[in-house]
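Just the one chain here, laid out as structure tokens, in the form predicted on its own.
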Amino acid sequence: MLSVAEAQARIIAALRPLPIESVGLDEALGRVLAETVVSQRVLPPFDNSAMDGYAVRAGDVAGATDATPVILPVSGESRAGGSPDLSLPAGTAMLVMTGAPVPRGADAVVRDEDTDRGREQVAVRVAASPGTSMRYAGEDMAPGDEILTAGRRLRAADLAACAALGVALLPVRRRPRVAVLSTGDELVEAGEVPGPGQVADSNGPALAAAIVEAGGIPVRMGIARDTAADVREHLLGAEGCDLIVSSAGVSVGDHDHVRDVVEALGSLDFWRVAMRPGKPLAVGEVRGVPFIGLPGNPVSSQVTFELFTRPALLALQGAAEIHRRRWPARVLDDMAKPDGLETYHRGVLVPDDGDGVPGVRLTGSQSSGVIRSLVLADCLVVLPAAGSSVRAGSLVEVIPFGQ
């Protein structure tokens, strides 16, 4: 069997980034940038005030205190959106608003709270040092600065930077279209009332949602029954998609047909990984479309999606960082595991006890059929393959969700 890392590497090596398209800023959140954004502007474009207050020459207020304020005539006002060509005569102050240009000659801004807020003349009660409450031209961005690098998954702050630079369109990788197929005679759609021996399909909605979170477009293929013919018919319906993701039917049971059908329609690269939950994982291609067959148990399906399918989707989008970051944590309870299998428990992080390393507890039963173990979790606890237990107090890696 392959290790988790080996399986991840095999999957990613078979993928190529999707084509580039241009989108507006309103459509760019969560997309993966295809080309580096380089500043063509000076930001801020002029020296401006970080506070509502008065622009002054620091030397003119050097001796100001609350008991002995310095009185200066007010020579004018600088407002946001006003001219950046104003000048401040020596021995005067100028009323200035947050974001407004600081007049030439001024080298500090005294905030309103440190004055009497006078309009004809102002009493300054503090000695402001040069640079106080000022934002200088170019201190944020300058022409030639690399602001966002290719492969970055765009956040709201990134779009603010692009807007400030006047960049209205961004080159991004196309979103992958992902066929989502559930399999099993026992399954009904979530809105139906299960009959005897039936259960609602929880994997289909969960995988579709996870695909959206990873930047993809889910294409629900419905539920295939446990016959080779029905699995084949559903898989053939995935033409035009960039990836096929199925759940269940990939193990060795008499009614598990997914692997055989995939081999008949394309090829199978591997189908088992040395891990729990999720050892049966079928990876291959169906008529040229990459295929990942996940286990059917709900927790196994979602954990293997997290470890294998989510990175694949980000790789298709050209992301520079395709795996969630891992952090050290200290286990607070003894944790059992099967020897020889890298194990992923569901855990909850708790604040550290002063050493900078958070603790982690389990969310209850770690059965692969207990969905609530994921509902309560905020991380996966990674236990190494070697050994059959991890003692309380040991350091392990965790994979926090949402990073």
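Everything numeric in this text was worked out from a predicted model, so none of it was measured. Start at 1 and count along the sequence shown; that's the residue number.
Beyond the structure shown, there is the form predicted together with a small molecule, which is absent from this document and is the topic of what follows.
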property: In the predicted complex, A93 touching the small molecule (heavy atom, 4.5 Å); result: no
property: G296, heavy atom within 4.5 angstroms of the small molecule in the predicted complex; result: yes
property: Heavy atom of T309 within 4.5 Å of the small molecule in the predicted complex; result: no
property: Contact label in the predicted complex: L187 to the small molecule, heavy atom within 4.5 Å; result: yes
property: Position in contact with the small molecule when the complex is considered in the predicted complex, options S78, T115, S133, S182, heavy atoms within 4.5 Å; result: S182
property: One residue of A137, V289, A200, L332 in contact with the small molecule, assessed in the predicted complex (non-hydrogen atom, 4.5 angstroms); result: A200
property: Proximity to the small molecule in the predicted complex (heavy atom, within 4.5 Å), stretch among 81-89, 192-200, 169-177, 156-164; result: 192-200
